[in-house]
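Encoded as structure tokens, the following chain is the form predicted on its own, with no partner shown.
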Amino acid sequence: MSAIVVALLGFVVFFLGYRYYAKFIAEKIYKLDPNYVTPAHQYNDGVDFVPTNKFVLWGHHFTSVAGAAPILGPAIALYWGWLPAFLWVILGTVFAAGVHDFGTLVLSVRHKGQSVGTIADRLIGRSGKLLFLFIILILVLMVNAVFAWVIANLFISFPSSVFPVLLQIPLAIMIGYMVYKRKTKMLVPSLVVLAIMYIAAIASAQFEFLQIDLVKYMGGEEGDGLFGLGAVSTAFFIWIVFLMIYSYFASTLPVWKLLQPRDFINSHQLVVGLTILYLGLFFTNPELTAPVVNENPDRSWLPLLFITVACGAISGFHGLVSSGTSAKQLDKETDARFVGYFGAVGEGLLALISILTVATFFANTDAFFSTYASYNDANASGLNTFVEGASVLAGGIGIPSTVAVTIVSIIVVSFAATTLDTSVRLMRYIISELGTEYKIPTLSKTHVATSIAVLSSAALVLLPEGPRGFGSGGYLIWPLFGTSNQLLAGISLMLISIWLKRLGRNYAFTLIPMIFLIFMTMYAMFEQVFFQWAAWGTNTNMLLFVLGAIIFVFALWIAMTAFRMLTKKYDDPIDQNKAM
């Protein structure tokens, strides 16, 4: 079957979803008010609360939520066949992700820009709020570890991507100064920076002296490295330390100095990357060589498919970004549909091209199964297969493979880095909230909270030793990350449903995806925690069991509390403009 047919079908569904379904949700369910004064204006402090053009904010929001997960998850889920992965990405984006991302943004805007964890206090009570905050804290800790691990591995595997990515940082800071101090428009400078980055990418792909290859500097893969760790492990350690230092400063700087301009540049990268890949798809017109459905998987698709695709269909982390940073920058409430729902559509387009890239990469079905022989094999090879497959599609429009690999790896790293420092910033917010809640003022200090976030994230990614050697933390916790992420999305939809009910509105459009998500994720987590990880054969299983059991029990408690709130009768609906 032609991949173009599948791509066109996906485009049509996404267009109809944004044009009609999102419009219906905006006008009839969330009832956006163009005259509502958003938190960005109410609490404008020039650091976290900053009124922002909707296109710039969409760039920040989308690149923060995109990361590598909507590429990696669908690429792994292809193990069960391209059709199940395609259907969940399409339907999940339109009916779950869009409603969730849009809804958490509006919910936060109507509650002074507070995070969903804090809002839970007003909707399900103090105990529910604290449990929710701890679930979020564990999740963002895992996000930090997973994405730091992904970036470090991509830097090692594709050293030609390092120089252009590092070059973006000072250029983004320069744009931030030009825009917010000299009132320059952001579009032209950001396009110039993007051009400079891609010129650097072409040069780096062609000239070896521009490639920052730490493994090579230490004598190759067989080298001793530092302290006898080996060259690869030493390079990994250095990159993790560098990323943590970068995240510390990136997450404490005012958003206009680095976060907004860099994310706006990365939104252009998204457009460029998607354009290259989809044009390559249309020019080469490849056939789908992956199976429609894998008839003999070693792991059942139910419920694993839904937590493996993860951010490719819906993600609880998106709700943290919506309520943690995007809500503090929303200029007009009516911008929420574009930022929230269309951000989810952008992620859906990325997940769709991930599926099609990997599904057309192999010469035939046998070649596919030689790489995707098992679920674990799919986990190990999904991301690199996407990068290699993307270079093939880019070659269809005349881009040399070495340059294409560099550009694709730059795009993936840029998205992952955006997610990383946004997640560290969110973790700082949560630690500060817990410090306030438990009357520990030291934790509320920016640099103390950020230090805890960075050091704990570094420990999680570096300390565990697994099948990939030293620093396997990000790889090892991926299964728990996927489950926890989807569970958080279900709980966030639950909060939106309770809020809508208290407003006296129809909450069926958030309730239905909520029930589906909570059932599937609790089902998957129960199987993983109490059947797969309960046998403490390794330190890894012990870590996953402890974290998973805590999240499972907390989530079950929250679900029971929220169920009582959903079934409770409210005599007097609250006034939206006095939003709790």
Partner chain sequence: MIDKLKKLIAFYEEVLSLPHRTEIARELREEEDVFLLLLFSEMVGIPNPTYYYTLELYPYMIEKFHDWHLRMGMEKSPLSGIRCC
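In this text, all values refer to a predicted model and were calculated from it rather than measured experimentally. Positions refer to the first chain, counted from 1. The term rigid core refers to the maximal set of C-alpha atoms that superpose within 1.5 Å between the two forms.
What comes next is about the form predicted together with its partner chain, which is not displayed.
4.5 Å heavy atom contact, V271 to its partner chain in the predicted complex: So V271 counts as contacting its partner chain.
is_contact(P34, its partner chain) in the predicted complex, heavy atom dist at most 4.5 Å: Close contact is absent here: in the predicted complex, P34 is far from its partner chain, nothing within 4.5 Å, heavy atoms only.
Exercise: I199 in contact with its partner chain in the predicted complex, heavy atom 4.5 Å: Contact with its partner chain, no.
Close approach of A524 to its partner chain in the predicted complex, 4.5 Å, heavy atom: Taking the distances in the predicted complex, the answer for A524 is no, it never comes within 4.5 Å of its partner chain.
Among the candidates Y278, Y507, Y375, Y180, the residue which, in the predicted complex, approaches its partner chain to within 4.5 Å (heavy atoms): It is Y180.
Proximity to its partner chain in the predicted complex, single hit among A26, V56, L547, L511 (heavy atom within 4.5 Å): None of the other options qualify; the answer is V56.
Candidate stretches 524-532, 551-559, 26-34, 46-54, one within 4.5 Å of its partner chain in the predicted complex by heavy atom: In the other structure, the partner sits against 46-54.
Residues within stretch 234-257 having a non-hydrogen atom within 4.5 Å of its partner chain in the predicted complex: Sequence-ordered list: P254, V255, W256.
Large Cα move at L304 between this form and the one not shown, threshold 2 Å, rigid core: No, because once the rigid core is superposed, the C-alpha of L304 moves less than 2 Å between this form and the one not shown.
Large Cα shift (2 Å or above) at V56 between this form and the one not shown, core-fitted: Yes, V56 moves 2 Å or more.
Flag for K112, CA shift 2 Å or larger between this form and the one not shown after aligning core: Shift of 2 Å or more: yes.
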